[in-house]
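A single chain comes next, written as structure tokens; it is the form predicted alone.
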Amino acid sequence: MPSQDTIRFIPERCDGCGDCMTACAKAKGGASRISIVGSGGGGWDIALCRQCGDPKCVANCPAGALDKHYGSGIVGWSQDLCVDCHLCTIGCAYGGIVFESAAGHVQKCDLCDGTPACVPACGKGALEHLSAAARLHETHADKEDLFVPGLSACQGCNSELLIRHTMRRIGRNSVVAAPPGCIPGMGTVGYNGQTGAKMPIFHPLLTNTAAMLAGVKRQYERRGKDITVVALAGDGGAVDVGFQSLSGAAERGERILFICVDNEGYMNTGMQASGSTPFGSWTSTTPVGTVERGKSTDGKYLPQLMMGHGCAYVATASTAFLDDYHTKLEKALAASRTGFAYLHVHAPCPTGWRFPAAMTTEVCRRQVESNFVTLWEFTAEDGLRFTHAVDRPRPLSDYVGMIGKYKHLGNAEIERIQASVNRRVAFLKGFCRQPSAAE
């Protein structure tokens, strides 16, 4: 099934003003096809067609008047075929198709031919047009998955999603280094003579991943072979004991791609704290009790340090925004042809962070929406550019409140983390390229 566009509603940003309804009514020359409704507790919800992949309104229609158009993604309605039975309205869980008495028939959103009028009309940013312009499915579905089925990742772990997407794009003409951690632990490197990977992959030490990859790359170059060498490392193999070789390879401009999958601790060996573990986090080595209140210091922000190494490319990413990740992966691969490229991917861990496995993507999303995680890219020539700027961030409590390792935090501790987040955002903005007078 092709990827599809849809409209996303962010309820905490909505104030019920109705500007979206006004814009829709004007665009359609009649009643609005979107409705803002109270959700209780003073909040707001929205009745709007989500252009479902498996639309129940279509299944409920006995006349074939509704049809999912898999090219455009629109659930279309035909007035000529409609018999006004209204069974479609019963099937829609979003209230996205309703009978309009003035028109005399049902009506629904059609995304305004790809430019929905309601989205720019919302001054609070409560509506987002999620465009499938990247068409990840179309461009990557036919590429080979270079990891076998049945990897033994923990339930809800997004590292498996990440490495499958990454290597599907990079392909077989590659060598991968996976130092000790969750990624080899899930069976990618293998055990008992078996391997979970379809390309050359090896298990370096935590201390020498970048150095070994640099040697592999140079040896292949001596043989006249152009291959991509990639590190899939955790924060332990990058932020902590692996930092010396990582820093050296970056300083030398080795032509490798280093991907740090940061789950903020040594989750594979007992959930110990690492250098990237944030302030206040419970871990097995930063316990919570009557005296200790989790980690007492802020985490090391490695992407910032990598900017100072003169790398060809540095970027942060999240699996909640895979189109953003794929764009950065393309740039990182191109940069690794001439120099050192570094990607830092934030990877919440359901097991070690103590949240339900089904919530991983939502945790990733709230990290970004609260500015706890910022998505940006950096080159020496162009400076820093935010790729998903959040001008109206969620309260930090919306994020930390989901995470068990933060459940002991009080208001004062959350305010301390918020201040740290604010300082980081302000610091990063200082690296944004300022246009010259000529521009």
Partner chain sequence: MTDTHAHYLIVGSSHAGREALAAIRMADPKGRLVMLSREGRMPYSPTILPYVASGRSQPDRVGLADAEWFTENAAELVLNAQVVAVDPAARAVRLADGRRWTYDKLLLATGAEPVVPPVKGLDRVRYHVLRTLDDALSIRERSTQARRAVVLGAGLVGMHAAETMAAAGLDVTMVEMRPHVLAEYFDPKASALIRQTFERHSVRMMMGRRLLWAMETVPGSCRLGLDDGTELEADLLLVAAGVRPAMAMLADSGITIDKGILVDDRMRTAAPGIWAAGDVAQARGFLTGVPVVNGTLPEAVEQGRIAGMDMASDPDLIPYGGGIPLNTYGFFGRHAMAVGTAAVPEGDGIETVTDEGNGQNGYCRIVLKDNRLIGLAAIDRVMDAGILWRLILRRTDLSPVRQQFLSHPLETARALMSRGWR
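Numbering follows the first chain given and starts at 1. Model, not experiment: these values are computed from the prediction.
Not pictured, yet referred to below: the form predicted together with the partner chain.
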Checklist entry - When the partner chain is placed as it is in the predicted bound form, which of 402 to 410, 386 to 394, 369 to 377, 61 to 69 ends up with heavy atoms within 4.5 Å of it? => result 61 to 69
Checklist entry - Among Y220, Y191, F99, F202, which has at least one heavy atom within 4.5 Å of the partner chain in the predicted bound form? => result F99
Item to check | Listed residue that, although the partner chain is not shown, lies within 4.5 Å of it in the predicted bound form (heavy atoms), from G76, G114, P287, G95 | outcome: G95
Checklist entry - Does the partner chain come within 4.5 Å of a heavy atom in each of R365, I417 and A426 in the predicted bound form? => result no
Item to check | the partner chain contact at E381 in the predicted bound form, heavy atom, 4.5 Å | outcome: no
Next on the checklist: Taking any heavy atom pair closer than or equal to 4.5 Å as contact, tell me whether E144 reaches the partner chain in the predicted bound form.
Outcome noted: no
Checklist entry - Given that the partner is absent here, does D84 sit within 4.5 Å of the partner chain in the predicted bound form, heavy atoms only? => result yes
Item to check | Contact test in the predicted bound form: S35 vs the partner chain, heavy atoms, 4.5 Å | outcome: yes
